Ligand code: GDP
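Take a look at this one chain, the form predicted on its own, written out in structure tokens.
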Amino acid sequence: MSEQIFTFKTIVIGPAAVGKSSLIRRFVENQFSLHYKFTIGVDFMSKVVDYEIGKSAKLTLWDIGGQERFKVLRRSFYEGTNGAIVVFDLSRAGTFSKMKEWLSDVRQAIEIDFPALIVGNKSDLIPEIGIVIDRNEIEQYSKKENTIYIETSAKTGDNVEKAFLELTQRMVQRCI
């Protein structure tokens, strides 16, 4: 008897230049580049994840461009979403409030409950620049939105696998 492999459409969203593409690239290819190029519209990657011993799921990762000028396109990319990683930049306070708009927008567009993970990216910069966003505020917001909050660094790889695995496990729970 063959085991069912789940396939999940997973969107990675958030303001421009918070590291969405870098997170996906670190997760899928275990690579990081300092050379950044804006995602125009949407980009795709996929990866099979072992969410339990002997059990796998395929994630189709939709890297949705964060530029304001692509806002009108976004809603068409949300359809069929099974889960979302909503990213902000720990080194730029303004991206936290912008990230809230993204989560609100996707929740209105999809209209069904789906697992979401809030990711504070660029944790490697905190020792250098200090804490610019109150972590209590982030935790309270995350709790209010019924999400999990994880800090990551696409540069070092810290917690990147953990974030995607956590979301995968939550999506699987919805299916069983």
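Every value quoted in this text rests on a predicted model; they were computed, and no experiment measured them. Position 1 is the first residue in the sequence shown; the rest follow in order.
From this point on, the text means the form predicted together with the ligand, which you will not see here.
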Handout entry: Proximity to the ligand in the predicted bound form (heavy atom, within 4.5 Å), stretch among 141-149, 50-58, 35-43, 106-114
Key = 35-43
Exercise for the section: Using a 4.5 Å heavy atom cut-off, state whether L165 contacts the ligand in the predicted bound form. Expected result: no
Handout entry: Partner proximity in the predicted bound form: I133 to the ligand, non-hydrogen atom cutoff 4.5 Å
Key = no
Problem - 4.5 Å heavy atom contact, K9 to the ligand in the predicted bound form - result: no
Exercise for the section: Check each residue of 16-30 against the ligand in the predicted bound form and list those with a heavy atom within 4.5 Å, in sequence order. Expected result: A16, A17, V18, G19, K20, S21, S22
